[in-house]
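First comes one chain, alone, set out as structure tokens in the form predicted alone.
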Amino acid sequence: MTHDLTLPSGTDVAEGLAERALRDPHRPRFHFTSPGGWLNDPNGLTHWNGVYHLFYQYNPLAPAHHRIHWGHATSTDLIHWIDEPVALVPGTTGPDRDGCWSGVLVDDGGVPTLVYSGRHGDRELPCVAKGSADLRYWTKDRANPVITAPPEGVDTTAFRDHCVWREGGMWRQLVGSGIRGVGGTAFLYESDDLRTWRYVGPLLTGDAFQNQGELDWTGTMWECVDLFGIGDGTDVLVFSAWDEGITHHPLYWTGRYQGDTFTPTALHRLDYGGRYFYAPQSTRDEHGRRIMFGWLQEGRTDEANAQTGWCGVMSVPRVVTLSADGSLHQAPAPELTVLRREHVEVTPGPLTAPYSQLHAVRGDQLDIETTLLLAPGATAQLVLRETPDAVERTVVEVSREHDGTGGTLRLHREAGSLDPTVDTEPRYGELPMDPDGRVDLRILVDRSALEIFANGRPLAARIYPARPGEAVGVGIGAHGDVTLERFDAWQMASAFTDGPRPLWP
């Protein structure tokens, strides 16, 4: 079995990190985090016999991206999670001695099977592990790696991360990669048994689209590729743009997957937060929904992470559907409402002041739903995590173009923290808008984790007020003709019990 930590003192170290993490006022309480240490990509996401399984990249011994394990958590409602035994631990020898990197879980005739990237030095190659019926214990295949090298004769920039599915009696697999001098790509393979793979070719390369404005660059390598169908005949290819070790942003193509190729129709940003929603993975649950998680990266220093004993947050689960304009619509899973507690409703009507504090709405764990009607040229602002002197404040801004054709969603973090070491750069993206100028906003504030959904377009980010206990104010304002159609806010309970979380049983 592979679930035991390799060092005798490993459990003591992990427990110490978990205790330190609990004391950090920036640690989210209803977003999933590991007990302590490092968390990054969601892996092996599945709904198996009525239980959601979230595996993830994990270092239980330090809040640092080093010698990565596979953490594992389970839930029956997508909100409350139980920490399970560590699923994969790097070997003392073999192809994954330097880390068990990202991958997926598939059902191989009733046998749960992981396909993941084993790392040894600068080599990252596909490996396989077979699981127990409850998905808690895993045995690595002796034949690993099951693909021994990238495609022959191709100058690749990297070769890792997997999307695997069953099609026409065969297994098919995408491996994230890039062709030097050409662009990012996903290499297509096929197999009868998940162990012997035949190279088919690139499914799509990053030079497939030109003149896409801000999206004319899709990275020198595509990480964490995810291919799925949605709606009536639309296929989606999700990837995270990577360049020489720097993570940039998640993107997706819409188009048509047929035969051995993907024919794209449009390229889109998956989340306007850029790297703050990275390496997403999705699954279709037993209710027929497409559920997606992403990694909310930190915006503070490695030293701060080391001091607090933890690093990395998972997004809330998102339900992904197809919009009428052919793009993806994203919304928090409705199960999240079970954590709502005290409710405040603000009286609707025209917003006549540039800014007003909402004294009845305060906190650092909030769920806010509001609908605004913007006339052409108007702007509305919702202020979060504001100190009484307004020195620290984070601003969500929505604006409508003067010609009324569309709008913009902006997140201003420039005054979000007095700490000069944290990232406070703004984030923004295009906002689709109906002719009446309606903007439906859903904002989740969970201490340092922030997720905004505006007319189905998401923007995730991290904020770290230097005075977290005081930065609990909320306000609203407008410039131009803006009507508040509704405003509801709830205090959010924690998804975890108080005290250090037990590690693995």
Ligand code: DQQ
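Note that residue numbering follows the sequence shown and begins at 1. All values derive from a computational prediction rather than experimental measurement.
This protein has a second form, the form predicted together with the named molecule, left out of what is shown; the following refers to that one.
Checking 138, 187, 101, 293 against the named molecule in the predicted complex, a heavy atom within 4.5 Å turns up for just one residue: 101. Between the named molecule and the residues 448, 33, 57, 46, the one pair within 4.5 Å by heavy atoms in the predicted complex involves 57. The closest heavy atom approach of residue 223 to the named molecule in the predicted complex falls within 4.5 Å. Contact check for residue 160: a heavy atom falls within 4.5 Å of the named molecule in the predicted complex. The named molecule is not drawn, but in the predicted complex it has no heavy atom within 4.5 Å of residue 438.
Among heavy atoms of residue 409, none comes within 4.5 Å of the named molecule in the predicted complex. None of 448 to 456, 57 to 65, 469 to 477, 22 to 30 except one has non-hydrogen atoms within 4.5 angstroms of the named molecule in the predicted complex; the exception is 57 to 65.
Residues of 264 to 303 placing a heavy atom within 4.5 Å of the named molecule in the predicted complex, in sequence order: 278, 279, 295.
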